[in-house]
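Structure 1 and structure 2 below are the same protein chain in two forms, each given by itself as structure tokens.
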Structure 1
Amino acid sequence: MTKRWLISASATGYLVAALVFIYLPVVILVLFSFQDGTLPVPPFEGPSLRWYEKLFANERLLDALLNSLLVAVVSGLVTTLLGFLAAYGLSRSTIAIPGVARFLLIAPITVSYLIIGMGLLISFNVVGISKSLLAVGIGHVVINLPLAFAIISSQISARHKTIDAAAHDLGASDLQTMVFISAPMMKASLFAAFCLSATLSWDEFIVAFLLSQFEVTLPVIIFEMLRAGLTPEVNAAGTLVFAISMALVLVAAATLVFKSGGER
């Protein structure tokens, strides 16, 4: 009994320590974004919204915020569409080596964003695509496609294939089956894939930094602000990025959980 209690207490202590290690910096970031003083260091003076007011009065930062939202939404939609087409096609394909195709689609998730960004930068220079939000969006599609494909393909079951086959037997074309039957059946996983893709695009820095020039995203602006020194305004910008990212992740997770519960 004592040994079991010690194991349980050790596991609980390890879990608490891990959570503190992960979330304490975030708590400090959020706390000192409400600092009334000019430096985000103890003692805490506040709470105050002065740095959020300054944040939303910064036109360049607001432009970067809108750029981030645009890139996140568009790249998320494109990534979800491509991930769905790839997952749908492979699930109904008769190719001899579907495992190789799946590996090639998932493989980019193991490659460093720095390597992918540098490769895209060189490739874009060759084909004549200049540094821009378009280049950033394409880069985000490349790095997020493996995740979207994995989420969507994991939700395709034998039941989906049976229903598709029945639709074909009743005279539906491949396009009609995919658009009017398969896509609505998988709307939860499609929405979750979009949310996670948009989240990763929203707070991604390396690819955005390498592929943007004049029109930049919010993480790039925050990096520029950090180079000038740590201020409560930087904390406020970081808190904004964190809050939106967490909201999208929670929505995606809740969607998948609700879908799993409904299928039971």
Structure 2
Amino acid sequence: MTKRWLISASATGYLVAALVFIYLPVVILVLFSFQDGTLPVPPFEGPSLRWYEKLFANERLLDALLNSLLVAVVSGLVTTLLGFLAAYGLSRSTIAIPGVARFLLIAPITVSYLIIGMGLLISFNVVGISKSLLAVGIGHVVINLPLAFAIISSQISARHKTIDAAAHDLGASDLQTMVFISAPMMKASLFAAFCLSATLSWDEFIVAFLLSQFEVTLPVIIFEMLRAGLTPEVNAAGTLVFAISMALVLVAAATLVFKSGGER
């Protein structure tokens, strides 16, 4: 009896320690964003919103925030659309070489973002395309497409195809079936794929850093701010980034786990 108690106590202890390890830096980041002093280190003085005020007076940062949102939403939408079309097309595989096609779509996940970014940077340079938010967006679609394709593919079931066939029998055209029958049936996974792609784009640094020049995204600005060392302003910016990503991921997770979970 005591042995079993010991085991469950140490299991609980490990779990708690792991969660502390995982959340410690986040908690400190958020806490010291409300620091009243000039350094985000103990002792904690405050709470104060002065660094948030400074943040929202920083126009370059606000521009970057809007750029990030724009790139995240647009690249998220494009990723989801391409991912859906690919998953849909391949599941009704009329394509000659589905294995190769799948491999091609998943392959970017096995390659570092840095290499994808370098490839695009060098290619754009050779071809003569200049760095821009569009280039960043293209890069983000490349890195997020495998994930969106995987999520959406995993949610296509045999039942969906039966319903497709029924729609055809009732006279729906191929396009009508896809747009009005299949897509709405999969809206949970489409939404989750969009949220995850948008979050990853919102957060992504290296591709954005390599492919942007004058208009930059928020992670790039934060990275530049880091050169000034530790300051509560970075904490405030970080807290903002963290809160927005967290919200997006939570929505995605809730959609995947609670909506479509029972549908499989």
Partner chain sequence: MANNAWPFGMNSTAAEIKETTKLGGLPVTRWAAYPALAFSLLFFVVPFLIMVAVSFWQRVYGRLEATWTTANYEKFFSKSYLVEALFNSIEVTVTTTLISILVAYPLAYILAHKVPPRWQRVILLLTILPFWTAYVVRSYSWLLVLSDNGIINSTLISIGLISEPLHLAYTRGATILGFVHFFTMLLTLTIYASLIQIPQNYRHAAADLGASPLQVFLRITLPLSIPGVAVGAFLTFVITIGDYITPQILGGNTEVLIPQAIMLQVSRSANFPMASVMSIALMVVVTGVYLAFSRHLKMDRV
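Counting starts at 1 and follows the sequence of structure 1. Rigid core (definition): largest C-alpha set, two forms, superposition within 1.5 Å. Keep in mind it's a predicted model, so treat the numbers as computed, not measured.
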item: Between structure 1 and structure 2, the form predicted on its own; value: 1
item: CA of P25, rigid core aligned, shift of 2 Å or more between the two structures; value: no
item: Threshold 2 Å Cα movement between the two structures for V126, core superposed; value: yes
